[in-house]
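What follows is one chain in structure tokens, specifically the form predicted alone.
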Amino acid sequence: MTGNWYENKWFIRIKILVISAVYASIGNWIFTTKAGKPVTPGEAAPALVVMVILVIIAMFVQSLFERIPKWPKLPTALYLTLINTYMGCDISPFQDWIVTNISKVELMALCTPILAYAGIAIGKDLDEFKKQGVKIVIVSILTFIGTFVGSAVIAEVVLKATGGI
């Protein structure tokens, strides 16, 4: 480890995750209060702590796999999805606790810090963003359409396979 402890990438990652969890708990409290079913930051804390721990585990697993020669560089989101899928499955010993606690956190509350970071990132690189012009709009639209159509196709296949339709 070079430099100071506060320059360590794991310290920075964990600090960002904790700050995001704090903002998410506040956002969740505001969102659920407006919906008429307030969930205080204290009530949401166990779920957010578990979410932070699961993200740290996913980042750690990714860093382990990246050390394997010729292993493809896969996004942390893939490892996180696999870990979270297991945790929410019937075969997981943690399933009941995870589902009960994480259901207290609204998706929109989690989007608040993510969108804030995205806004800061775009604001920081606004000149580069402007250089993209219409190309970035076209790519964004095609990405949204592709994601929507892909999700619809997967949902259709799963529903037919499970007898839902």
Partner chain sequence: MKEFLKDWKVHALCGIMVLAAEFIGKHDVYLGPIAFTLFPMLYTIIMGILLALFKVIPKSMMETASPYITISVLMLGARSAATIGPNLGLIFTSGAALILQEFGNLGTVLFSIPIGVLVFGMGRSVVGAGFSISREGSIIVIGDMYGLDSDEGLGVMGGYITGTIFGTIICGICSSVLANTGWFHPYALAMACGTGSASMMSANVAPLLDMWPDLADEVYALAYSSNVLSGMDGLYMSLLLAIPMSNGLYKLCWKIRGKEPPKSHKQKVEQVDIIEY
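Positions refer to the first chain, counted from 1. In this text, rigid core is short for the largest set of C-alphas that superpose within 1.5 Å between two forms. Source: prediction; values computed, not measured.
What comes next is about the form predicted together with its partner chain, which does not appear here.
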query: Contact of Arg67 with its partner chain in the predicted bound form (heavy atom, 4.5 Å); finding: no
query: Distance check, Val55 to its partner chain in the predicted bound form, heavy atom within 4.5 Å; finding: yes
query: Distance check, Val61 to its partner chain in the predicted bound form, heavy atom within 4.5 Å; finding: no
query: Interface membership of Ala45, its partner chain in the predicted bound form, 4.5 Å heavy atom rule; finding: no
query: In the predicted bound form: members of 87-103 within 4.5 Å of its partner chain, any heavy atom; finding: Gly88, Cys89, Gln95, Ile98, Val99, Ile102, Ser103
query: Val22 C-alpha moves between the shown form and the other one by 2 Å or more, core aligned; finding: no
